[in-house]
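Single chain ahead, written as structure tokens, the form predicted alone.
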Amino acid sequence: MSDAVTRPVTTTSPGLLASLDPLLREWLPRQRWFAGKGRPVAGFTLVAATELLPAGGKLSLHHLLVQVHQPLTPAQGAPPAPGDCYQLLIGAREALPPRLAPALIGHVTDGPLAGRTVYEALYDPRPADVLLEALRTQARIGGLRFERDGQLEIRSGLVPRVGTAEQSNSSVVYGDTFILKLLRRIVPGVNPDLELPLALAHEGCPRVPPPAGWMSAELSGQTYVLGVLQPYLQGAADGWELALRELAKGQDFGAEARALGRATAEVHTALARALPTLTLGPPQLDVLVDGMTQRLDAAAQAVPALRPYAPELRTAFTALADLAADGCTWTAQRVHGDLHLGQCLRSPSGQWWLIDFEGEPAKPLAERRMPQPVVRDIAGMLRSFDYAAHSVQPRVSGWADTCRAAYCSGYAEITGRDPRTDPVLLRAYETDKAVYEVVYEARHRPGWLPVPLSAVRRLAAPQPS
């Protein structure tokens, strides 16, 4: 992983990882949260291992932090390099009951778990209950720390079930009361997925579920945030799915977009109160523009379909640089960092919540925690409306434009400032986001490439003076 990894800290048999190695090499790349797909796994380093249920019982439970070694490129013979660190929760039984078949990792032939079957323990209610009980009692187990907010009651006996919606992490829902998000790829330091909801809870912001508890590991003087427990928003609709349903019915989404704009503004306002802000002057903006320009140049090299538009897209960034040279400044603050419809939930009563403040997991933690203009989030949401509009056939004419306008108007109702009154900054961030989308779709979902390319054509068109 990009941040420094601590030396191994082990509270279980040192032979455990060696015995699991061949099984993990096969199982780990198949997990949807594994970021190293396309490159072979060459080996592992044990960062930490903790027994949550002892190996001598009918069921044993092992919490592992494992660094994965992979070649930097998929080329055959490329040397392995220390890679990402992953959080694993491994259960071991003599035999798996049929209900746990989807969780199978494999059968161990040697080492301390020889003769036992190991599996992804989150699928098993008993291990999942161990985590909730540890949070409820604020347990200390080896290097693991389980904390809680004393004002929110955590009842025992809540029935757990594995969530199905996570992509880069995993979740467990407890009795429709709480949801525990387990971070899979971890780095040392303050994780914004805990930091920002805690700050917003302190400000009394009702648009983000407050953390009820959290897991961390203390290793060699560094803290790793491992998971966050928050209230489960029962009956809430995912913003992306809700938008697609309304589109499929040909229904207007403008009122929802306006309400979502107000919710976004409330979160931004609360974050600006809770955490420091700063002013972006010419030096900082030069760095910002250089980064956007470099990403565009690299994208044009990687995706030939983008090249005809690159010169006009570059003007989005030079226009921002020109304003900075004229002495314009902007305020930067902490933001969501990866805002789109899928990061929003709407209650049956119509209230919107923002969730998942981790930011873009592929970026270094320090970058994800940097203050940025709020337009970064706004551009992400505007692009999300565009994606939704292209996801349903036949297309609903003007749907995305209506949503974009309503969202910005709703934002202005709270802050007093419409994002559209800063068109140069907004265009720069939308362009940067669309360029990122072009590269992503070309690599992972070529069938979706026309969606960001449509935005690229719009953003590359001559701008009104």
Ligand SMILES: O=P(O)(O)O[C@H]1O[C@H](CO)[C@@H](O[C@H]2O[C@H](CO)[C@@H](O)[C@H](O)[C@H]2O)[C@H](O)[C@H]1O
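Please read all numbers here as calculations on a predicted model, not as lab measurements. Sequential numbering from 1, following the sequence displayed.
One more form of this protein exists, namely the form predicted together with the ligand; it is left out here, but the text below deals with it.
Exactly one of the stretches 141-149, 378-386, 266-274, 327-335 approaches the ligand in the model of the complex with heavy atoms within 4.5 Å, and it is 378-386. The closest non-hydrogen atom of residue 124 lies beyond 4.5 Å of the ligand in the model of the complex. Mapping the unseen interface onto this chain, residue 315 falls outside it, with no heavy atom inside 4.5 Å of the ligand in the model of the complex. In the model of the complex, residue 436 approaches the ligand with a heavy atom inside 4.5 Å.
With a 4.5 Å cutoff on heavy atoms, residue 216 does not count as touching the ligand in the model of the complex; it lies far away. Just one of 185, 346, 116, 340 comes within 4.5 Å of the ligand in the model of the complex, counting any heavy atom, and that one is 340. In summary, among the residues 195, 84, 120, 356, the only one with a non-hydrogen atom within 4.5 Å of the ligand in the model of the complex is 356. In sequence order, 433, 436, 437, 440, 441, 445, 448 are the residues of 426-456 having a heavy atom within 4.5 Å of the ligand in the model of the complex; the partner itself is omitted from this view.
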